[in-house]
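Before any questions on how it binds or moves, here is one chain, the form predicted on its own, in structure tokens.
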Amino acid sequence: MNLLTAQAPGGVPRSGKGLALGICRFMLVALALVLSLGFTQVAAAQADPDREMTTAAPGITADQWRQVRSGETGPNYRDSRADSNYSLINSSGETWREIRNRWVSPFGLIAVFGMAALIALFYFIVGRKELEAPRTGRLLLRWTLMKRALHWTVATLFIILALTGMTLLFGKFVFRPLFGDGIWAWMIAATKVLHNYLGPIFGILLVILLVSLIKDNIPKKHDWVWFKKGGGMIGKKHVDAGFANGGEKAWYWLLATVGILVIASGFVLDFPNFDQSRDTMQWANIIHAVGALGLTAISLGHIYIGTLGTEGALEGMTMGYVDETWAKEHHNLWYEEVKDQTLSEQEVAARKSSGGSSEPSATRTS
């Protein structure tokens, strides 16, 4: 999704740029802190390799396990947590394990790599969406500096969490045989810390991003036509689109629904000290995994369209401006609203070199 924020005459105040730089500095400090925590925990574990063995349970006979499974046990064979009535083996845990290992893990892997394969096939058959008309050299503001900084921060955290999450789910089948137990133990410990500490930061920033984008992502009648025409792939005419087209709005509302569900379930898993039951944690784990794997698969399409798949799309996210030809062909309704605010490449360069704001005022339609 993209956003064009209305600005006061004269451009964006310098404080906006300072705030964006402040967010970037905050994220770098937070990342450094998380990495240090991960390395500290790994070092502590490696300093005492026999620590786990000192608390390991002694040998248990088959009869004792049968007693545990049937529930015919005393307090020595029950969960040691306060007010817990669970046996060491319980049916809810077996159900969770079966759902996770038999359904969520394999089908999640199929969804992610299947989407990647479909995108690659689409690219080789259809190719990149090039501009039909030549560029004019006249530029329109697409993204403000603040929105670009927020978007790239959220996007970076999303990718890190997706990679670490898949490592937690599938890594033991790939990296453990490949690198051995020593490296795998270090890798999984650091991965867990990264995922657990970056998750809440991602959740907070995603909510901020969603709130700032909501006005541009209210569904309109022309969005339904956009879907019926396959975003312009069906028929020869361009499909009407405001600042955000139907596909971008669909991605927004997926993040605003499934994304929030993933964040909420992640907080349940991240903070088990609020007396949530074991059953609650198990279901939160399933919801978190299903939602996160689904978003990861769909995000590959969003990333492809915004980078390799569409000429000129990435320029708006990196430089803030798009050529007016791109605006006409992909967001014609928005273009009609802001076409009188175009700047030449020289004017934009002059604004940046002089230290002034390069982001003029603009109006928009969604």
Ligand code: HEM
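Given the structure is predicted, the values throughout are model-derived calculations rather than measurements. Start at 1 with the first residue shown and count on from there.
The following text describes the form predicted in complex with ligand HEM, which does not appear among the structures shown.
The pocket of the unliganded chain is judged open, since ligand HEM, transferred from its pose in the model of the complex by superposition of the C-alphas around the site, places no atom within 2.4 angstroms of any backbone or C-beta atom. Contact annotation for the candidate site: P219, A241 and H331 all lie away from ligand HEM in the model of the complex (no heavy atom within 4.5 Å). Though ligand HEM is absent from this view, in the model of the complex it lies within 4.5 Å of a heavy atom of just one residue from K129, R100, R148, R135, which is R100.
Contact with ligand HEM in the model of the complex, judged by any heavy atom within 4.5 Å, is made by just one of G93, G203, G171, G231: G203. Heavy atoms within 4.5 Å of ligand HEM in the model of the complex belong, among the stretches 194-202, 174-182, 208-216, 116-124, to residues of 194-202. Contact between L269 and ligand HEM in the model of the complex is found at the 4.5 Å heavy atom cutoff.
Using a 4.5 angstroms threshold between heavy atoms, Y252 stays clear of ligand HEM in the model of the complex. The shortest heavy atom separation between A111 and ligand HEM in the model of the complex exceeds 4.5 Å. Shown alone here, L161 lies within 4.5 Å of ligand HEM in the model of the complex, counting heavy atoms only. With contact defined as any non-hydrogen atom lying within 4.5 angstroms of ligand HEM in the model of the complex, the contacting residues in 288-305 are H288, A289, A292, L293, T296, given in sequence order.
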